[in-house]
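Here you get one chain, nothing else, as structure tokens; it is the form predicted alone.
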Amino acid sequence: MNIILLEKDDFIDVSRVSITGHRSEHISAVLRAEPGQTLKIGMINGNIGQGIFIAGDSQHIELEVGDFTIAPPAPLPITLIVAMQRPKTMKKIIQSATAMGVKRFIIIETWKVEKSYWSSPLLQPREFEEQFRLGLAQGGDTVVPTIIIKKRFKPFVEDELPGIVNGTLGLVAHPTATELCPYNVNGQVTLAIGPEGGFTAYEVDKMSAAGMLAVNIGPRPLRSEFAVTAILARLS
């Protein structure tokens, strides 16, 4: 946790906050903060500042806070379209991509997605919020991403994807693609990552028709969560 995220409800008064839960546990057990120690803090969807540890333990901690004057880091200019994954994998993807600066996620249905995944509690807004915050805390960021869920592949790629891709570099990660994924792209990108097993040829063709280019990152197929991190790092 590289930043302690705060909300308005955490404030006891204008210059003091009281925090509990995993944040206080982290400050106590991992950071091992002592009275007077300065910690990096940030307001959710706001600026970054500093807090001074006053007192507390793993159950409850109080910090003295000043002004929040530092802007959060710039977002990664990438819209990440990702096929629904098994819940544990999806959590890793959301956390790591959020830590890297992705601010727009679109989760889609594809042929190889297990139908049972769609009944996961992960798809509840509260669960997404938790994964976002874990990613933000890791990345030292405060701005919560947005997420869109599309359970019908064909209507999405035919009716909506062309508008999303328009004005961006559209890329589909596909292990058998002949084009190599570009490096250090200067501009907006729309990136699609498939499920375990990848997209089908039909799905790649449909996304190509919407303006996206199928690319690979080398001869070794990667798990989805590793592919996301590798490609985001390559593009940024």
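Given the structure is predicted, the values throughout are model-derived calculations rather than measurements. Sequential numbering from 1, following the sequence displayed.
Here the subject shifts to the form predicted together with another copy of the chain, a form of this protein not shown in this document.
Peer 1: What stretch, of 163 to 171, 52 to 60, 177 to 185, 205 to 213, brings heavy atoms to within 4.5 Å of another copy of the chain in the predicted bound form?
Peer 2: Every other range fails; the passing one is 177 to 185.
Peer 1: Give a yes or no for residue 101: in the predicted bound form, does one of its heavy atoms lie within 4.5 Å of a heavy atom belonging to another copy of the chain?
Peer 2: Looking in the predicted bound form, residue contacts with another copy of the chain include residue 101, since a heavy atom lies within 4.5 Å.
Peer 1: Applying a 4.5 Å heavy atom distance criterion, does residue 87 contact another copy of the chain in the predicted bound form?
Peer 2: It does not: once another copy of the chain is placed as it appears in the predicted bound form, residue 87 has no heavy atom within 4.5 Å of it.
Peer 1: Can you check whether residue 145 is within 4.5 Å of another copy of the chain in the predicted bound form, heavy atom basis?
Peer 2: Judged by the heavy-atom cut-off of 4.5 Å, residue 145 is well away from another copy of the chain in the predicted bound form.
Peer 1: Classify residue 225 as contacting or not contacting another copy of the chain in the predicted bound form by the rule of any non-hydrogen atom within 4.5 angstroms, answering yes or no.
Peer 2: Yes - in the predicted bound form, heavy atoms of residue 225 and another copy of the chain come within 4.5 Å of each other.
Peer 1: State the residue from 79, 110, 96, 131 whose non-hydrogen atoms include one within 4.5 Å of another copy of the chain in the predicted bound form.
Peer 2: The residue in contact is 96.
Peer 1: When another copy of the chain is placed as it is in the predicted bound form, are 6, 10 and 71 each within 4.5 Å of it, taking any non-hydrogen atom of the residue?
Peer 2: Not one of the three qualifies.
Peer 1: Within 4.5 Å of another copy of the chain in the predicted bound form, which residues of 3 to 23 have a heavy atom? Give them in sequence order, or say none.
Peer 2: Counting only heavy atoms within 4.5 Å of another copy of the chain in the predicted bound form, no residue of 3 to 23 makes contact.
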